[in-house]
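The form predicted on its own is given below as one chain in structure tokens.
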Amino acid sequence: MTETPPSQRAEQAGIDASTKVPVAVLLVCALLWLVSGSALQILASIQAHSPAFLSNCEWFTFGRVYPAAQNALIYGWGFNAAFAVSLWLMARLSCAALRHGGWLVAAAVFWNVGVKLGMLGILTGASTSVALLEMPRFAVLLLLVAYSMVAVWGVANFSQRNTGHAYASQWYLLGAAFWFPWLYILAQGMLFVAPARGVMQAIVGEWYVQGLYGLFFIPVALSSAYYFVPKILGQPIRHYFLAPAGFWWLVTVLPLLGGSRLVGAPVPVWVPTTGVAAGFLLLVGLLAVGLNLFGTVAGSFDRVRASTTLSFVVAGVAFFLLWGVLQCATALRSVAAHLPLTLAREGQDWLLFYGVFSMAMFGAIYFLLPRLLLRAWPSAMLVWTHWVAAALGVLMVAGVLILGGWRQGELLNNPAVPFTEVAQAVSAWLAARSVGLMLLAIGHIAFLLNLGWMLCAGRAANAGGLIPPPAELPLAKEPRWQESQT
């Protein structure tokens, strides 16, 4: 493997320097939200099986803590991390420095102030009670302004690229940049500004939730995978001609999956039927992504284990394929009949957001921060602790919720079983979820401690025995679709 030429390395260093301040600010905010969101998740989970816990404090009752925890993770950790990684990836792939980064710092401040105000609104009882849209309307405008600032900078960076073509990672990043505001504005308008009537509100709500996961978080996660897998392995994406087909297939099918959430609901029959059909069509996109990424990794699993970034990113891709298979299985009407009003849907969403998106973001952060801060991660033990806790924690939480939801559905569908017995049977599964969330929190604390240690170490730490940031490997070129045919 030949190393990156000095001229290219200098160019990469200049690009990293241009993204350093805004990306670092976004990542620090993201990790603070991750830890606080995890704490709220644990509180909500404990209250689900021990209702008397903190029941005397109205701010921390389950009806407020649970949506606050969801919003802290989605809009606090998720969006801050997505902004940071997307801006860095777009600058790197465009071979263009990020200009006027101070505006992005202002955007980061606006976004996090908006999330904070929204969280306070939820905890004080001003929630809208619509899933993932619980924030009061006074926070919405601030979030939209901040998002537009970040998205415009990313798109402008792409338009000034110094490369002859766009990579697969850039397709997903550009798509996510445009799709989220479309989803958010339409959902806000149809639910709060000019509210739709009757069952249309339920359809819009589920469409937004599925669109948020499928058209924002999944594309950002896949963009990281399409960048880091060939980058670190030093070889091109296998079967790259499938990448455009996989991209368009996924972005067409994923939003339609929202209908599968409404199987058994009092909505027009075509709505859940569309979701069921989309669940099976999803397999084609999964096959394309699997052939691209696992085809590239095949034969190099020893190098995956040796790379912190690849360990997280490849795990995220594996969770994505697992989620897709589960989505297809639960789309069957015979299976879906057991799942409404159970924990199973939450388990699938958790597998998607944490197992796919968050794992990809962790891998990206472990790669980019040493290059931005010009220093190494201080503790290998904390990195290992984070990896083990994250992998085991997401499997435990998602597995407990899916299996517990199936058992819950069986009991709910049995008219001979009183509801009190159903609640008692589910209580053990909820307690196991709390243990899984605590395991995840251990990993988050290890991650935050390692970051704090890195930030406090200073540039002089490299002279004190720490391993310097790894040298750049050349980016394996991803051929254009037309070129890959020859």
Partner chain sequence: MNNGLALFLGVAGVFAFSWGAFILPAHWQLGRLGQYRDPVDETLHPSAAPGLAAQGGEVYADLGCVYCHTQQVRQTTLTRLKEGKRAAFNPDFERKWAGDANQPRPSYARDYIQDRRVFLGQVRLGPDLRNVGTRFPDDQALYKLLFEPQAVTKDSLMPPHAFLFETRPIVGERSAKALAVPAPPGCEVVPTPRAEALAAYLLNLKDTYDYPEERRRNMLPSAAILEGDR
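Just so it is clear, the structure is predicted and the values come from calculations on it, not from any experiment. Residue numbers count along the first chain shown, from 1.
The same protein has a further form, the form predicted together with its partner chain, not shown here; the description that follows concerns it.
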query: Candidate stretches 351 to 359, 217 to 225, 392 to 400, 119 to 127 - the one whose heavy atoms come within 4.5 Å of its partner chain in the predicted complex; finding: 119 to 127
query: The single option of L31, V426, L451, I42 touching its partner chain in the predicted complex, heavy atom within 4.5 Å; finding: V426
query: Listed residue that, although its partner chain is not shown, lies within 4.5 Å of it in the predicted complex (heavy atoms), from W406, F110, W171, F294; finding: W171
query: Triplet W103, G154 and G299 all within 4.5 Å of its partner chain in the predicted complex via a heavy atom; finding: no
query: Contact label in the predicted complex: N414 to its partner chain, heavy atom within 4.5 Å; finding: yes
query: I203: touches its partner chain in the predicted complex, heavy atom cutoff 4.5 angstroms; finding: yes
query: Contact of H165 with its partner chain in the predicted complex (heavy atom, 4.5 Å); finding: yes
query: 4.5 angstroms heavy atom contact with its partner chain in the predicted complex for S148; finding: no
query: Partner contacts in the predicted complex for 259 to 291 (non-hydrogen atom within 4.5 angstroms of its partner chain); finding: G259, L262, V263, G264, A265, P266, P268, W270, V271
